[in-house]
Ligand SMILES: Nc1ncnc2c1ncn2[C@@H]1O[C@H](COP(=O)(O)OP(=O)(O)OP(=O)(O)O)[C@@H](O)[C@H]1O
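Quick setup: one chain, the form predicted alone, written in structure tokens, and binding and motion questions come after.
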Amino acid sequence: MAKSDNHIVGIDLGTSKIGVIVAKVLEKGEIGIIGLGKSDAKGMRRGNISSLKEAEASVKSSVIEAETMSGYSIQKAYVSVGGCYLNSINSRGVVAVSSKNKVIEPIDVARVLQNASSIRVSNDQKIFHTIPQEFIVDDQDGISDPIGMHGQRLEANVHIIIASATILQNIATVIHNCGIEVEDFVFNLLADSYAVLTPEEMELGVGLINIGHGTTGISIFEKGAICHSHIIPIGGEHFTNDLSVLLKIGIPDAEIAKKKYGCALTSMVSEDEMVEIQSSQQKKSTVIAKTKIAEILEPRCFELFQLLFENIRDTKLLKAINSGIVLTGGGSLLPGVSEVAERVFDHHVRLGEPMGVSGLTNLVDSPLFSTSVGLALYGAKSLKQKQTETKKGLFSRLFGKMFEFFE
């Protein structure tokens, strides 16, 4: 199998699904999907590793499938991180520009981001993301890339993601045991944003909601950057559990019923439509009105969005979501979910499907793979930034040598 620096690999560790995507940076800078592997997630619970051996087996299964399809041997990967053990905070840093000619260099950006992330966290916590919102050069704000600009003082507003150090280490252990190095951990909603949001939405302000199996997360983007994140312990499995309890059927049967007949809004279901619900435990089936399933799912869906709405309201960010709400994740596929979100948030809501890639798009054109595709796009941007910074650093060194020659 061939190796190439232009290959990007994303591993999405979901609660119900492990997704592995292999992408390649093409000649014109496009990102082409060349391999996909997926398997049921075992040993995972709400973004946490519950069994190292089971999680490792699930990841290996997806990796082998992606390698076979792409013909590429995976050695490094960008790995998603999500779950209720994550916290976020906004911070600000400031440094003096260090160069003699007062031209801002990559080292200055690294210093100001380090300064902004110098916040106190407990010993069992770790900062794994310091995401720039904007840079300020001598009181000139709204700058996305200050490298090469002249200035005396450099400031940065950032969004910081904090996670349990133990959980990150356990995830790293699983990936390492599969023979793969973690290139970087990536907050799943940040990865989603690369795949499903447009630059216009991020500039005007948008709410991004990922409804996963065990948790649901929301991030708010404004002026092109992330400014708020929040995760609640409610996801698709809770919808399934409600059906299991109230219909008195097993979890697997409830999951099938949800996917086959489920709707989150009773007004969208015909009152006289009847469906057959299987019960493998009792080895029989029951005929019920489809509205009964919707009546069970609807309250849970309203509860989920109401909790997210209250969080955004309490943080005074409702006015920031001018472009509305974008839903993604497997839970967003349940009929009626978008309509419930529109009622709760009183904003336009759309389903977020991956975009911005070529190749095997027919295999990933679902909200189920938004994080996986987003990891590939995030990785491609990181690769480009590293290449650009290397070139800028080389230019700065050569430029500096020229000045030294004339001194």
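Computed from a predicted structure; not experimentally measured. Don't overthink the numbering: it's just position in the shown sequence, from 1.
FYI, the form predicted in complex with this ligand isn't displayed, but the following is about it.
The three residues His213, Glu255 and Gly329 all sit with a heavy atom within 4.5 Å of this ligand in the predicted bound form.
Lys259 belongs to the set of residues with a heavy atom inside 4.5 Å of this ligand in the predicted bound form.
Using a 4.5 Å cutoff between non-hydrogen atoms, Lys17 counts as a contact of this ligand in the predicted bound form. The shortest heavy atom separation between Val344 and this ligand in the predicted bound form exceeds 4.5 Å. Under a 4.5 angstroms non-hydrogen atom cutoff, this ligand in the predicted bound form has Leu333 among its neighbouring residues. With the partner omitted from this view, the residue of Glu222, Glu237, Glu155, Glu298 that lies near this ligand in the predicted bound form is Glu237 [heavy atom within 4.5 Å].
Proximity to this ligand in the predicted bound form, taken as a non-hydrogen atom within 4.5 angstroms, holds for one residue of Val349, Ile31, Ile49, Leu368, which is Leu368. Look at 315-323, 122-130, 98-106, 204-212: in the predicted bound form, residues with non-hydrogen atoms within 4.5 angstroms of this ligand sit in 204-212.
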